[in-house]
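The chain below stands alone and is given in structure tokens; this is the form predicted alone.
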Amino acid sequence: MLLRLAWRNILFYKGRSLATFLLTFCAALLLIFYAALMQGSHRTMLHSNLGIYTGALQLQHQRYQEEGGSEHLIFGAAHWVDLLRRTPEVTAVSARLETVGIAASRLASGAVVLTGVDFSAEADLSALQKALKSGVYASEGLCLYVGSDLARKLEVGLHDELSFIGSAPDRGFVAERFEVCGIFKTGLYDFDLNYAFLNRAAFDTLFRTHDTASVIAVALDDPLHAEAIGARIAPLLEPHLRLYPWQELLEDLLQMLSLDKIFGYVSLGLFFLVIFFVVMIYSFINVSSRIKTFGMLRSIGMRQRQIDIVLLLETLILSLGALALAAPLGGFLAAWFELHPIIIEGIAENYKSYGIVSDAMPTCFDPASILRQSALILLLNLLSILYPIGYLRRFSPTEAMRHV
């Protein structure tokens, strides 16, 4: 009987019911799509930073990140590379040796991180090969593979020469002239501005290094398990070595994404606070205009608790009806724009320092997230009817019947 009465009221007060339905539908659709867009952009930023160069795990001397220096290198790197490659979840391993120096052309100079790498190993681990913009990727001899922003800063192009002076692991200095044989562009601004790569054979000859690495990067088939895999390998390492999961290596980025998510939900929360009060006002108007009707129902034996249930059922029916349309439509939009991302021209250039590497803004289809957003809207709507119910309870049956 109460459910039938709730349906009758919804159909009788069509205008107010439709307004509540549309407000709920629009609010839910916006929240679902906004959450999908925010998750998609954050996932893209994280995967860009993780997949371009960082790797899922990095083996380092435990003091290398804080202090650097030749005394904190990994010696006997081939042994550790072989150990990591034998781990079932590992898909690629690359031993890198970095040094910092000054590079100069005839027109400009600047600091550069010169890194000796095995280009074939990097092709399986990082996006360096895919980022090739011009020239060749796996060059031999004294040929550099430089970032596009570094090339622009130093005002050099393909086949131009660069002079380099930097420190060697034996605490000496190395000075040499290199040819620019390749230019890459990953989209990560700081990376493209500071890094240049040299094939490992030439690097070892020039810097008198052998079987040494500053960092051994590791790719996994599932980066989400990096911490667990690292913990399993850790007992096999020497005490001064440590495997860093990407969660630690990209800690600053993760904090920035968390902060951005908080600000995003705060901004959206203000909007939904307005929606909440609008829905509550409509509910209040709906209830206050029917006070006399509710008074008559109570005078013929209907309890106040039953009236409360009728009002809750009205809200529940309208909310579930709106969510039944908004959730599938929001999910469809999230899935569609995950496959066909929104293109915002120039966004990568404007936000490149934050890890935006493409003008594409994909969404993320996450059924659990859609259910959470739908549940939030349902909860807000149910809360919005509590004040009108409390207001109605102030009237006795006699007062309600005399209400105008």
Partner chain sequence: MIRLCRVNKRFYPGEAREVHALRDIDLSIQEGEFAVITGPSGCGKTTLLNAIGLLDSISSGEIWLDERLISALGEHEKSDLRRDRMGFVFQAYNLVPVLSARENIALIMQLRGFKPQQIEARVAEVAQMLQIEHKLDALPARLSGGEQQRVAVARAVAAKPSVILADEPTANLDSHNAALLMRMMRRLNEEEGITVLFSSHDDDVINAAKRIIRLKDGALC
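Everything numeric here is computed off the predicted structure, so don't read it as measured data. Positions refer to the first chain, counted from 1.
Below, we turn to the form predicted together with the partner chain, even though it does not appear here.
Contact with the partner chain in the predicted bound form, defined as any heavy atom within 4.5 Å, is confined among 206 to 214, 299 to 307, 324 to 332, 109 to 117 to 299 to 307. In the predicted bound form, the partner chain lies farther than 4.5 Å from every heavy atom of F21. In the predicted bound form, the partner chain lies within 4.5 Å of some heavy atom of Y13. Residue contact check for N9: one or more of its heavy atoms lie within 4.5 Å of the partner chain in the predicted bound form. Using a 4.5 angstroms threshold between heavy atoms, R85 stays clear of the partner chain in the predicted bound form. T293 is the sole member of Q247, S148, T293, S167 with a non-hydrogen atom lying within 4.5 angstroms of the partner chain in the predicted bound form.
Residues of 80 to 110 that come within 4.5 Å of the partner chain in the predicted bound form, judged by any heavy atom, do not exist; none qualify.
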